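Shown next are two forms of a single protein chain, provided one at a time as structure tokens under the names structure 1 and structure 2.
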Structure 1
Amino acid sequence: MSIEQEVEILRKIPLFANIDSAKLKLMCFASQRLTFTAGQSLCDQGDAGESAFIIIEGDADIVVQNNGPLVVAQVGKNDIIGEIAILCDVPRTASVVATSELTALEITKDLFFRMVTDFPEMGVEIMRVLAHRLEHTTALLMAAREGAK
């Protein structure tokens, strides 16, 4: 896949929709394209977060260890994952395990922060993504609490 094709894929992701094509090309050039097989981990809970991933193709489970593995979400094409660890400088909060062949762009912490600094609208979109995830997690927690009564 060419850099131009990767730029077109990124342009479809709300996080990158308003970013200049030249900057997206730079990001594609500076990021690493990785392929994972079904069952392979992109990252593991507790590891240091040195990068985020943008899924180009494929699907994965978000898994937390809580008396055994627990799938808490599924992600797929155009999703960004791993940003919490690099934004908060904390260990990975979950593992990400490919459920199909998966292709992703790995964006280093330094590149990620340069992009957010150069394009503040990326920061706003990241806040939206994280707020949606928090709302979803809160709803699941409330449902679990109601079910436990």
Structure 2
Amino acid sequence: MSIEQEVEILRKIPLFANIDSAKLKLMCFASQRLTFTAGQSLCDQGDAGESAFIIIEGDADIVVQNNGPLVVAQVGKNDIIGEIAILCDVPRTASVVATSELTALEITKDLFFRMVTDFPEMGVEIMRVLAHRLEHTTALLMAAREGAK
């Protein structure tokens, strides 16, 4: 798969949908594409987070260690994972384990911050995505409360 194809994939991800293709190309060029086999972990809970991953192909489980492994969510193509650890410098909040052969673009912390500072429009996009996620989580929380009542 060449960089051009990677750029096409990234464009389909909402986070990058509005970003100039030259910048996406730069991001692809500057980051490593990694292949994981099923069962291999992309990141481990508790480790220091040094990079975020964009899944290009394949599926993975988000696993939290809580008296034994607990799968809390599943992620797949076009999902971005691990950005929380690099944004707010906390250890990985969960492990991510590939459930099939998985290809991901590894975006290092350094690259991520440089992209965001050099291209503010990307920062705004990320804010939008995070805000959406927050809104979604808040809605879930409300629903959960309603349910509890």
Partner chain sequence: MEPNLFKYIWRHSKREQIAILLLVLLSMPFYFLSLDLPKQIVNRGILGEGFESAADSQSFLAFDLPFGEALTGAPVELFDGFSLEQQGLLLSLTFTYVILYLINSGFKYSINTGKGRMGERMLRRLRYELSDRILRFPIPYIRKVKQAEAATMIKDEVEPLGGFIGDAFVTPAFLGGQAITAMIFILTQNVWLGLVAAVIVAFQTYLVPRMRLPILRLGRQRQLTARQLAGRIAEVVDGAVEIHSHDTSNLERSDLASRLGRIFEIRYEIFQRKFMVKFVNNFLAQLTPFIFYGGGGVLAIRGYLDVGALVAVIFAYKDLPGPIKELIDWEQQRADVQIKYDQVIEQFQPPEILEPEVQDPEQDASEPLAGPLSLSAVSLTDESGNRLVRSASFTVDSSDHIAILGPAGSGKDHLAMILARLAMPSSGSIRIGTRDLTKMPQSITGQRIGYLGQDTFFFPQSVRENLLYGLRHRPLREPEDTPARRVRRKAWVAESLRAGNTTLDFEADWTDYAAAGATGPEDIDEQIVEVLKLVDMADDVYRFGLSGTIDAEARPEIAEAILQARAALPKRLIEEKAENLVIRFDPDSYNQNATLAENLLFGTPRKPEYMLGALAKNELMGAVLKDAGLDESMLDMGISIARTMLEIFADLPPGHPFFEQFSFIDADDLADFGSYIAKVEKQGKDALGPPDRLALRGLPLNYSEARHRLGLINDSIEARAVAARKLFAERLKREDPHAVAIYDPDAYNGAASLQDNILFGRVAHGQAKAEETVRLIMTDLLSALGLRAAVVEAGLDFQVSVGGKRLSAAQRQKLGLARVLLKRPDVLIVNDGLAVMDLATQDRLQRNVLERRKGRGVIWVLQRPQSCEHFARVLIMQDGRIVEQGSFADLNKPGSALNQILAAE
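All residue numbers here refer to structure 1's sequence, counted from 1. Just so you know, these numbers come straight off a predicted model, no measurement behind them. For the two forms, the rigid core is made up of the largest set of C-alpha atoms that agree within 1.5 Å on superposition.
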{"query": "Displayed copy of the chain that is the form predicted together with the partner chain", "finding": "2"}
{"query": "Rigid-part reorientation between structure 1 and structure 2, C-alpha based, degrees", "finding": "15"}
{"query": "Cα displacement of residue 126 between structure 1 and structure 2, once the rigid core is superposed (Å)", "finding": "3.4"}
